[in-house]
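Read on for two forms of one protein chain; each stands alone as structure tokens, with the labels structure 1 and structure 2.
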Structure 1
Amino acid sequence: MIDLSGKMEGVTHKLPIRIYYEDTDFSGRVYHANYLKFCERGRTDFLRLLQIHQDVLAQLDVPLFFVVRHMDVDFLAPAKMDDVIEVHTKLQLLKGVRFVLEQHIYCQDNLLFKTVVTCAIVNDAGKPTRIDADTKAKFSALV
């Protein structure tokens, strides 16, 4: 039994994800770009457990969106159909309009994938926007 949004263990968010047909390619393994989707699900639920709701931010008078600016990505070992993987998300740094997350994907004890992700918050014109005090406070508690 799991929580659909995963859980916090200390400062690390952990989200279990099942691998389905749609995630694989004809090599028999998970298609490489899909690990970025899994990480995005992890970040979304990490934010959700911090009470930061992206659908609410998108409905503001000035709509706000989280965007990814940079990723450094290592593909270490492949997942395959029916595997249950776990996305670990940890806030590493908060600085001006940017914040940096470390994300690891495991299948049981095997590290399959790791990335360092730099994100920013932008308005609907794509302009970087300072993180509001409330969100900043929620983040600061985790660094």
Structure 2
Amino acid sequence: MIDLSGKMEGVTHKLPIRIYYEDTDFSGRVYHANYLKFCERGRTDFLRLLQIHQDVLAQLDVPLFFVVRHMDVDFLAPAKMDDVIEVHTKLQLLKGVRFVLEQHIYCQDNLLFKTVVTCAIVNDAGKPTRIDADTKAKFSALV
């Protein structure tokens, strides 16, 4: 059976993604904004494999949501149609009301894209909120 959520290798989540025509621009290379979408998929499946389910967090007594607060991005090389890329996601920091992830996108052994993403933890009013103990424990196993 194929695991659509990728796999954990040690503390790094790896998600393979095939590049389709719809992912490319007129030049046949991946449109730059799609790298952000690929990273979002990587973050979502990283959380899923840690058993951190965002729909469950939204149902807590004090609902919690993860929002992207800041991203540093570096475009290094293009992916093309039919390439199979792999999004690597790794926790860098968990502190207070935020966590920081490092994400790299590879095609074979070639680094194409890298980003450092700061995510804030907010309540349903959008106010920064400390993470619940259960979710913190799941993250802490990776630090």
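For residue numbers, the reference is structure 1: its sequence is counted from 1. This one's a predicted model, so the numbers in the text were calculated from it and none came from an experiment. Heads up, when I say rigid core I mean the largest set of C-alphas that superpose within 1.5 Å between the two forms.
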Out of structure 1 and structure 2, where do we see the form predicted on its own?
2
For A125, decide whether the Cα shift between structures 1 and 2 is 2 Å or greater, given a superposition on the rigid core.
yes
